[in-house]
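Next up: just one chain, as structure tokens, the form predicted alone.
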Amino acid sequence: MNKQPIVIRIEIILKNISFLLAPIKELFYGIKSNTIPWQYCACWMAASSFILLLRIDHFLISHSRFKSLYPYYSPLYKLYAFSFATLGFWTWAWVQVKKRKEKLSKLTAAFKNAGLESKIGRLPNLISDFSLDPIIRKMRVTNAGFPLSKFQEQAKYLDAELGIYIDLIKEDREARTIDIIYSHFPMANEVPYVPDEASKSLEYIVGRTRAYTLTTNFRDTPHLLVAGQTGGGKSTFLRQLILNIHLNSKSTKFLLIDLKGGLEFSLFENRKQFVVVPSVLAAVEELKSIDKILDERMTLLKAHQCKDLESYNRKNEAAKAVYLDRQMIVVDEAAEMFLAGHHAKSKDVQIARGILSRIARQGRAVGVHLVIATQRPDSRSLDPQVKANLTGVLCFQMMNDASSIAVLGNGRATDLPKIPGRAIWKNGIEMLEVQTPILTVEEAERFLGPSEKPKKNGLSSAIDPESSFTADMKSKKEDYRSPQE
């Protein structure tokens, strides 16, 4: 007589136990992640309790050929009543078991094709998969010994294999798990500018993910780097950022350094809160004024024992002391600022580098914020000390991996689709793909209203709006222009 080996019998028993425990695991994950459809399960429980209370089930079974199966014995009846009342939960759990089995099959193939199989044949294992909202889902898998960077590198293969759109991949190093935030829906190719979506002071719209509008502010992200090749959407993004900050914070002063000759920021000229300069020489003179503002504000904050601009304004509000306005410096085509040549002398470049580096390091505390836009993010065209202090990064499509790595630390910007306004937002470890809003020049002019000639052409001093070093800015305007203009 042939007998199965004891090991095979044990394996069969364990598989059966695992099969029976599967719905219990799904219920546990469902409760933990709050993905169980409670309303439907509760409705079934109420209806089944009503049926049991009136013994409708007994009446129906006793008039069928299954009447001998009715559990009259008390312990069996209690088990039967419990199972019948909770049938909604068990049905949901078994459906999840089936979905998990199908998804595991797809994931196994996807992980193998993406090169996420270790030398000993180990693959990431699915832990849970549930919805965060009607559009976005979150899949958690074991890392199978692979670092987060490996999953991020293979993201494009995973979403192609699984037929999904991955927004974000992050890790829990202690738990050795990877979270994949994804959607079954593509991202919009155009997003209109809606100022009400970011209506708080110093707040602006970064862009739209597949599920929500992403916003941030200059208190949480004091300085910003905007990078990307020509035509990617940098100028449109800067336009809506400047406008949105202006609409929400009317007292904020703007120094717009437009090294394309003043073309991109021309709509902001001749407006009280804006100073637009078209050359490096003009920018250096204005930055010297900002450098003085930094000195004055640092001295003032120390004298009043305040750690930052907000605490100073709150402390001196009752005393009606001088209110310190926010200052916003926006540099478009920063490479022209940092490279000596026909646009600027080496001495001017060094001065500009030093002041911008100081703003990036000390500006947050005194309310001076820096936004730098560039096509070329390498060390020659963007000072490393300045770049290191630009906490927020928005990167549009890049020509090659080297440029993308210089900005983001990886090649994701190279893989972006050729859609104007599509970018990667990076803030700390967070990295999201967004579609930035469209704002035309005509729409921006409608929001700004008619322009008017300002009385002075320089940024106001932090201490005295009529200080001497800003009062003569207007008279120096013509001297700022480079010989080529």
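Quick note: we count residues from 1 along the sequence shown, nothing fancier. Quick caveat, the model's predicted, so the values are computed rather than measured.
The next section is about a form of this same protein that is not shown, the form predicted together with a small molecule.
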{"property": "Among 41-49, 413-421, 57-65, 442-450, the region lying within 4.5 Å of the small molecule in the model of the complex by heavy atom distance", "result": "413-421"}
{"property": "Heavy atom within 4.5 Å of the small molecule in the model of the complex - residue from 377, 232, 367, 124", "result": "232"}
{"property": "Any non-hydrogen atom of residue 174 within 4.5 angstroms of the small molecule in the model of the complex", "result": "no"}
{"property": "is_contact(residue 438, the small molecule) in the model of the complex, heavy atom dist at most 4.5 Å", "result": "yes"}
{"property": "4.5 angstroms heavy atom contact with the small molecule in the model of the complex for residue 260", "result": "yes"}
{"property": "Interface membership of residue 190, the small molecule in the model of the complex, 4.5 Å heavy atom rule", "result": "yes"}
